[in-house]
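Before any questions on binding or motion, here is one chain by itself as structure tokens, the form predicted alone.
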């Protein structure tokens, strides 16, 4: 492809490399380091004049440092006369905190969805998926699970939870019948995993035969890994928007869906001025 450059921030070089390989490109040369006062320094090691630049940086790990690094990289490319700079952010940082108004962009934004990749994983890995039930661990995810259940033509259920305070669940009420079925919990992210592990127990006690969890972003902080190891999951499936290699060493239940082809195809389509909406319902081959 002419006039396109892909640079990787330091948050998830493995995913950046997969995206570049998929597009048949080399990752651009960039050096990131810290000054002795801990300020981030970024040096772009090649010319980006007139180029269409994509910077891959996920909101994980040292989130504040990585976000600052992304902003400095964008600025460096702008100063060096790149014709366009696009940030590719697999896991968008600071998206969890309750905001009254989330529409704070004055530039074009494409929100990509893991749903097509999730549907593909379910059909390929769960033999009795036609008799499964898709479950939302909270009322907020109802729209997400109904969409997946409709696409699979199966039933859905949801767990209504009453919270005492953030990150602490008080009481859970299951709405729907999971008796003698494979239950698949679907959520956008799991951090300390208290909610999904409680939900799994609830589903088993309500008669589900097996429980899977499928999550877009596996943050897995604090006691998450020990909770998953002690919970009754067949598998906890996450995408690789966040690196999972270290976590997988300590938890055999974690499985990963690679979404590099979705991001690569989004980059290709954006570069060529094509519609990205195809990716909302299809996984690129």
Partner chain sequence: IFCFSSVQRPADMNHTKGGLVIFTANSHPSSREMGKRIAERLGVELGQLQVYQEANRETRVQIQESVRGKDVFVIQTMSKDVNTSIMEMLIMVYACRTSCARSITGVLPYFPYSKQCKMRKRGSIVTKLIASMMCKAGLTHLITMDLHQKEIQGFFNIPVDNLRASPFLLQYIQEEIPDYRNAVIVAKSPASAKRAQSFAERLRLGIAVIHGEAQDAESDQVDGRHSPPTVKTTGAIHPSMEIPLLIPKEKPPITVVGDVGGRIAIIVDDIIDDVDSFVAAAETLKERGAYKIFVMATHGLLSSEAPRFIEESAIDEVVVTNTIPHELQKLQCPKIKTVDISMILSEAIRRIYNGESMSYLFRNIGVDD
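Note that this is a predicted model, so its numbers are computed, not measured. Positions refer to the first chain, counted from 1.
The same protein also exists as the form predicted together with the partner chain; that form is not shown, yet it is the one meant from here on.
Residue 71 is the only one of 172, 71, 206, 142 with a heavy atom lying within 4.5 Å of the partner chain in the predicted bound form. The contact residue chosen from 258, 245, 39, 26 relative to the partner chain in the predicted bound form is 39, the criterion being a non-hydrogen atom within 4.5 angstroms. Every member of the trio 43, 76 and 191 reaches the partner chain in the predicted bound form with some non-hydrogen atom inside 4.5 Å.
In summary, the region of this chain contacting the partner chain in the predicted bound form, judged by heavy atoms within 4.5 Å and restricted to 246 to 254, 30 to 38, 226 to 234, 50 to 58, corresponds to 30 to 38. Using a 4.5 angstroms limit between non-hydrogen atoms, residue 176 is distant from the partner chain in the predicted bound form. Heavy atoms of residue 219 reach within 4.5 Å of the partner chain in the predicted bound form, making it an interface residue. The partner chain in the predicted bound form is approached by residue 95, whose closest heavy atom lies within 4.5 angstroms of it.
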